[in-house]
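Next up is one chain by itself, shown in C-alpha cells, the form predicted alone.
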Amino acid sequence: MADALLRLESARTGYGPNDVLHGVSLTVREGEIVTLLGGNGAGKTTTLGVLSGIVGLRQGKVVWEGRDISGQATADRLRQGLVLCPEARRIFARLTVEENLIAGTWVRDPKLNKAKLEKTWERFPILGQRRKQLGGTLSGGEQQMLAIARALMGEPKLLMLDEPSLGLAPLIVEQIFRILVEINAAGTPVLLVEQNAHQALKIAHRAYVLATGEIVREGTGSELLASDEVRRAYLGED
C-alpha cells in the first residue's frame, strides 16, 4: 500500500462551543480519487476547511507529504500544492474568464505561464471561447468549469472539490465528472465531497461516509456502491 499523500488524524473541531467533527480520520494516496459522502450538516465542508487551513483544529492533525502542517496558513498549504475548489464556485464575477484563471496562479507562481492557459483552453474549450467574457455572465456549468480550471492553474498536488455538481443539469454533471476522471488520469489525486453519491462512487477508488461528524463507513467506491445501507441512505433506493 502506497504511503499517504494526505492524512487527517483524529480531527476534532467546531464552531463556538460545539464540535462538528468528532475524531475524523481519512487518507488520500497518490493516484487516487477519494470521495467523502454525507448528508447536510454531516461535517463534509468543515473537513475540507480543516485540510485547507480555513478551519482550525481543536485536536488531531493534518499530515501532508509526511509533515505535520496543522498550524500552517491556507496560503502556505496552497504553495505546497494542497488546493481547494470551494462550494458555490466562488469565481470573480467582475473579472473575465482569463483574469479568473490568472488569479489562480498568484499564490504558487506569480509569473503567468502562458502554457498553462493554452492547456486550459484545450481541456475546457468552452472557456477558451469565453476567455474575454465576464465570469458572472457564464452559465452555472461554465462557472463550475472555470472554478475547477482556476484551481488547476495552481498546479495542485491534490485537488479538493466541494460539491462540484451542485445545482447543475444532469448532462453538465456527467461532463464535470468526466473532467475529474481525466484530471486524475493525468496524475492529480482528487478528494471529492459530493452529495451525488452514485456519480461520485462510480469514479472513486475509495470512499468514506460521514455522519454527524464521524466516519461511519469506508471502503472502495464499488463496495459502497453495492452496499444496501449506502444505497438506501444516499442513493434513494429501497
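Computed from a prediction, not measured in an experiment: that's the story for all the values here. The numbering used is simple: start at 1 and walk along the sequence shown.
What comes next is about the form predicted together with a small molecule, which does not appear here.
Enquirer: Can you tell me which of 175-183, 44-52, 63-71, 25-33 lies within 4.5 Å of the small molecule in the predicted bound form, counting heavy atoms only?
Expert: Comparing against the small molecule in the predicted bound form, the contact stretch is 44-52.
Enquirer: Please run the contact check for residue 11 against the small molecule in the predicted bound form: heavy atoms, 4.5 angstroms, yes or no?
Expert: No, residue 11 sits far enough from the small molecule in the predicted bound form that none of its heavy atoms falls within 4.5 Å.
Enquirer: Do residue 56 and the small molecule come within 4.5 Å of each other in the predicted bound form, heavy atoms counted?
Expert: Close contact is absent here: in the predicted bound form, residue 56 is far from the small molecule, nothing within 4.5 Å, heavy atoms only.
Enquirer: Is residue 20 part of the interface with the small molecule in the predicted bound form - any heavy atom within 4.5 Å?
Expert: Output for residue 20 is yes: heavy atoms within 4.5 Å of the small molecule.
Enquirer: Can you work out whether residue 170 and the small molecule are in contact in the predicted bound form, taking contact to mean some heavy atom pair no more than 4.5 Å apart?
Expert: No, residue 170 stays farther than 4.5 Å from the small molecule in the predicted bound form.
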